[in-house]
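Take a look at this one chain, the form predicted on its own, written out in structure tokens.
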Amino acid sequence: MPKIMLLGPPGSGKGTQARVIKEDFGIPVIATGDLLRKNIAERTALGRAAGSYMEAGGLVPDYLVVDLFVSRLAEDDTKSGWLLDGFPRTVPQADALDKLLEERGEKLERVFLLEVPKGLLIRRITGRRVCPVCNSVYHIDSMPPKEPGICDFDGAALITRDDDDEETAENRIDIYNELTSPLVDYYESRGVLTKIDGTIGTERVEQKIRATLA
């Protein structure tokens, strides 16, 4: 089963593709944002430490994120494969992941980079709506719910996350470009990177990912 990663700036479509891959292969999606929000909601030590960074749209320090993923990858459901969404975000995190996987006798098999220009990213982010109950993600233009403002699955009122306003969105993209984009060279040099144009539509991106994993 695949051990893969999605790489790309906020709004590039990683979350949408993660759900598709999870259904196709039956592997857990391990997403930094979800793990951090869960810890914040439960007021764990990690959640309290990370909360201030997330509210400002910044990156949580490497040591906090690495500790979180070390614990998560040790759980039983990861033995048959996994998909990483939002981790690693920096080269030091990538180095830490490589060392962890080597100790487990595993390796990251494929990294998919979704490329989208900044203007489109901002439009995507500010139009995003999230279900606070099941974490389903919608978009007011490209993927609206059946009933405006209501989750299709549980009837909960959709919300706009604090980090989806325009100012914070621009800040998150700038941080990605500064700190995360070096991962492109990191994984390309290891021969595991596949670049995909993230503007061609959800279905065509999905087809390219499936073709690579087939």
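Given the structure is predicted, the values throughout are model-derived calculations rather than measurements. Start at 1 and count along the sequence shown; that's the residue number.
Just so you know, the form predicted together with a small molecule exists too; it's not on screen, but the next bit is about it.
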Joint contact, 127, 136 and 149 to the small molecule in the predicted complex, by non-hydrogen atom at 4.5 Å: no
Which one of 47, 28, 145, 58 is close to the small molecule in the predicted complex, taking close to mean a heavy atom within 4.5 Å? 58
Okay, which stretch from 136-144, 94-102, 109-117, 79-87 lines the small molecule in the predicted complex, with non-hydrogen atoms inside 4.5 Å? 79-87
I'd like to know if residue 158 sits close to the small molecule in the predicted complex, meaning any non-hydrogen atom pair within 4.5 angstroms. no
For residue 170, is any heavy atom within 4.5 Å of the small molecule in the predicted complex, or not? no
Determine whether any heavy atom of residue 54 comes within 4.5 Å of a heavy atom of the small molecule in the predicted complex, and answer yes or no. yes
Partner proximity in the predicted complex: residue 198 to the small molecule, non-hydrogen atom cutoff 4.5 Å: no
